[in-house]
Structure formats: structure tokens, C-alpha cells
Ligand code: 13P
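This document starts with one chain, in the form predicted on its own, laid out as C-alpha cells.
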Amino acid sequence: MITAEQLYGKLKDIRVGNPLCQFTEQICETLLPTIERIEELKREKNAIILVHNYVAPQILYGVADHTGDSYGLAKKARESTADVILFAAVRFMAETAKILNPGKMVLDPNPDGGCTLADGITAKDVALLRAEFPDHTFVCYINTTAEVKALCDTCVTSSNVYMIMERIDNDKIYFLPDRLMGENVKKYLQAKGVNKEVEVYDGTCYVHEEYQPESVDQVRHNFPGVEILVHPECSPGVVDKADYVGSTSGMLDHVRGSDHESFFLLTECGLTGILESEFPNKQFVGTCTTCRYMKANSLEHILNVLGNPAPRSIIELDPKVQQNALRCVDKMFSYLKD
């Protein structure tokens, strides 16, 4: 079990500017009783805690069994032998864990686990689109509800969307709900000479759509030699100016293997915090944006949900929705076997 000194060692170099992400030894001491009780409950209930990279660092470093992006955590959920899976992220991610583990208890500790992408499209919307585009393969980003996944042909994540869209054996594709990611994929396919007709839904992530190409230019001017890493949910104008485009886990791996000393990450602040902890001697410049939904997770909510989950915190899916959504997610995994 982690000590207050060890926790402070992980958190002391995080300086992303958000009050949630600045720590002292005294703060770490106050966090420890909650962390210790969570660990006790995990052992009692044979539970694991999956934590997305965007969640507050005291959760990432204090109680997480696995951290990562949506794809990596989906794999961990699929491989889990635990009886209880608690997913500290947003609601659709906990639903994905339940899709993959229908016989297990899956808990969502987040009282405000929305997502502008997942909330921006409904199953009814997809049904209408399928009637309008009957010859298209429907591809949904993982940032969608179980009901939406159940009506789509395959799921994708930011780490595999380019590969899967290229491999789909249909030259007509409808991609939803992220318009900006869809536009980036269209440009990628065109650049590779892959001729596909790709229709795109008009949804966006409110965090990533804020970034503008002019911000990238300003950072390059102010910090010569900076390496710029961009999430594919950003606009094509921003992506075109990047040195690296990828998922949160991809960005982490890229920085870990890079010889550069200065970086600008265009994604949610949590990722910069992780890298500040790992590489206190590297420079992370510019500004980042906090996702209010991811940061709604707290150690207290995790403790309460593990100890006495309210009905709303227990993920339950209609069996037919679960079965059809599983087909959609399994199709994603099948594209990645080659």
C-alpha cells in the first residue's frame, strides 16, 4: 500500500495550474486514510479500479490498478478476473466495461460523468441515419453510449481509428459522433490514396475543439524546438501543425521515447500532469484544458461507491443492447488481430 511520502513523490512535480492538481506533503497525508480504506474494500470485494489518464492525479497514483486511454482500459476490462470493476472516468467508459463483462458488477463513481460527444447523439439519431445511408458501414467512436454502439457495425478509439477505417471492406462509411476526428481520418485516407466516401456526424469534444492553429504557431514562436503533440479530436488545422498525432497513451509513449526537452500537449490537462510527474526535468509549455466531466471523479466518490453503491452507480444494460454492443466492440478487436 502506498505511503504518504510515496504519494507525494508522485504528485509533487505536477504543475498544470489547476487547483485540483497541486499537492503538498500535508495534502498527501490527508488523502491517505481514504486511499487506505479504498484498498481495503478492493481486497474485500475482489475489485479493480480502472482510471482514465484524464482523471485527477491523486486517483491515478493513489488507488488505480490500471491507467490508460479508452482502448487500453477496454482491454483491461476484457481481461479482468475481478468480481467488481470500478471505472473512474465517464459513464460511457463504464458502460463499455459492462458490455465486455456482463456477468460482473461494474461501478461508475462519477456523479457528473457526461461527455459532449456521447451526449450529442442518441440511438434514435443512429436509426434515422442508417435509414438514410443504408449502404454505409457505421463506425462509432468509443465515446458513445451502449445504445448507440448497439446500432453500429464497429467501434474505434483514438489509438486505432485510422487503421480500422482503412481496413473496413466498404468504400462507404458513416463515422460518428466526432466531426473533427472524422475530418482528420478523411484527410489521412486521401493522403494514402484510399478512396472512400466518408460521411461524418456533427459532434465535438468541448475540450479539444477549443484549440486553434494560431495557438500552435504562438507556442512554436515562443519556445523554439518545442515538440507538439495533438489528439485526433482536435481540428484538422491544429492536427496539420503537429509533430505527433495520437491517443493519450500514444502521446505518453512518444514523450517517453523522445529526445526533446520541451513539449506542448494539445489534450486534457491530466496527461501533462502524468508527464510532469514522470519527467520533472522536461519542460511542458503552453496551456491545457480541464475536462469537467473527468475531473468530477474523486477519492470520496470512489470510496462511497465501493462501500455502498447507489443504484445509479451500478451499470445495468438491457440484454439485447449489451449483446449488440458487444458485437460492435468485438468487431473492433477483430480488426486489430492482423
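Residue positions are given as counts along the sequence shown, with the first one as 1. What you see is a predicted model; the values in this text were computed from it and never measured.
One more form of this protein exists, namely the form predicted in complex with this ligand; it is left out here, but the text below deals with it.
Between 230 to 238, 99 to 107, 210 to 218, 188 to 196, the stretch whose residues reach within 4.5 angstroms of this ligand in the predicted bound form through a non-hydrogen atom is 230 to 238. Checked against this ligand in the predicted bound form, the residues 70, 58, 67, 272 give one hit for a heavy atom within 4.5 Å, which is 70. A heavy atom within 4.5 Å of this ligand in the predicted bound form is found for one listed residue only; from 154, 247, 184, 145, this is 247. Using a 4.5 angstroms limit between non-hydrogen atoms, residue 87 is distant from this ligand in the predicted bound form.
At a distance threshold of 4.5 angstroms between non-hydrogen atoms, residue 93 is in contact with this ligand in the predicted bound form. In the predicted bound form, no residue of 266 to 284 lies within 4.5 Å of this ligand by any heavy atom.
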